[in-house]
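Presented below, as structure tokens, is a lone chain in the form predicted on its own.
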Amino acid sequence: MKTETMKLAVDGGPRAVKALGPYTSKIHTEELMELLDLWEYPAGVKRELGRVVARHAAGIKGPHLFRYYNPRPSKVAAAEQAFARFIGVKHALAVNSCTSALIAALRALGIGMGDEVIVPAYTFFASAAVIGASNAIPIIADVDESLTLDPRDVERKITPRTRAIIAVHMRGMPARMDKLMALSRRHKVPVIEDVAQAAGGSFRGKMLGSIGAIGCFSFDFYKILNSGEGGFLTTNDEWLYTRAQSWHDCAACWRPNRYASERREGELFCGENYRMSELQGAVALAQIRKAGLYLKGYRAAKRRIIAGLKLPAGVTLQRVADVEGDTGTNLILFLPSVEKTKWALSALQAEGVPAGGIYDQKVKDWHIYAYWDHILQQKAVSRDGLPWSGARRGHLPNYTKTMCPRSTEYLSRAIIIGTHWEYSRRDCEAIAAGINKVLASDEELNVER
């Protein structure tokens, strides 16, 4: 006969395990102190913070850093909601980088082997690399004097195989979205906005990232808003949002009913993992709340510098597609020749002006198509030869370092001057004075044309 203590709990007997824990959090005060150490507090402040944390350590419960299944309200979810409101879209998806957002966007649109995607000759390499990583073919188009996609060259390069156009809002300035969206409608080709460098910018009253089919944002440390690493994907299309959301988390996990049969063809597939952690989400949320402060500062700085300029006839400012929508993070000058550009750049830097060149044939820059050897030489990661082997015979572009001559011509004559959101009026006046001093010193630049 079984004793009462041997009776199974499922049959009414006593539980073998009465209770477990409580246990300490795996992530606790040690990790908190490492995070606090990232801030440059004076040594005395650090010691005081350490004493406060140690004094209350017993009452501290460590964070849940995974956004899903979180017992507390998710910071990532809050950041998504805040960013959707900021951009003015129905859906925002937090990811671990803008590169991931771009890949999720391409996959959400169903782009794959043999498809063509148009990308500008001037953008960070990731904008083009994601096309090849999606097994599609990058089609490199010229930029114009706005240093964003030239709509005329885009139209020349549209073929029956074109499945998307990636419009990059380069250096914080909007692309020519009116022309590009007109092409999109006429040829039924969606536009993906790469807003990595232009979060908070707009075009004719519409926020960048809300105009095309999908917007992709970077929250990398060097961007306007940052969480160290991270990014967002934005869209007003529920179907594209669902597919992108699935792709970013191993796929098909976060549909309205995640265990149901697919609502329509294309809802179930295999994906990857681009999730944002709660640490990044918390920083991103705080950054989104401060976006207005940063943008106001950048724009004021650029306006003040431009107001103080006295440009000679031989020097022009970059054409900006929408001055009101410019984020103000950069100011770009064009000089009449490569030689003058190199001379002026050296002279400006000697004056203390925060100036840089964009294109120099002796200096590799991942933002210039001529250095994308991975694409120009059609390199593949595996023996299947993708993405290049996926194109039909005769349909591969003839990639060369000189295929976009207008782009390299503009870029070789460009000088970029970065701004800072905390520049004072005096800072801006000094920068403008430095520019004027250098440009006024050259007689050739000051000859009336």
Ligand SMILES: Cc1ncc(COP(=O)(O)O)c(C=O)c1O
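Start at 1 and count along the sequence shown; that's the residue number. Keep in mind that this is a model prediction, so the values were computed, not measured.
Note that the form predicted together with this ligand isn't included here; everything after this is about it.
(request) Given that the partner is absent here, state which listed stretch (265-273, 296-304, 97-105, 311-319) has heavy atoms within 4.5 Å of this ligand in the predicted bound form. (result) Going by heavy atoms within 4.5 Å, the stretch is 97-105.
(request) State the residue from Y359, Y241, W343, F124 whose non-hydrogen atoms include one within 4.5 Å of this ligand in the predicted bound form. (result) Here the answer is residue option F124.
(request) Find the only residue in I211, A355, V168, L225 having a heavy atom within 4.5 Å of this ligand in the predicted bound form. (result) Filtering the options by heavy-atom distance leaves V168.
(message) Please tell me whether any heavy atom belonging to T234 falls inside 4.5 Å of a heavy atom of this ligand, as the geometry stands in the predicted bound form.
(response) No, T234 sits far enough from this ligand in the predicted bound form that none of its heavy atoms falls within 4.5 Å.
(message) My question is simply whether Q197 lines the interface with this ligand in the predicted bound form - judged by any non-hydrogen atom within 4.5 Å.
(response) Result yes; Q197 sits at the interface with this ligand in the predicted bound form.
(message) Does any part of D220 reach within 4.5 Å of this ligand in the predicted bound form? Heavy atoms only, please.
(response) Because a heavy atom of D220 falls inside 4.5 Å of this ligand in the predicted bound form, the answer is yes.
(message) Check P174 for me: does it contact this ligand in the predicted bound form (non-hydrogen atoms, 4.5 angstroms)?
(response) Heavy-atom contact with this ligand at 4.5 Å: absent for P174.
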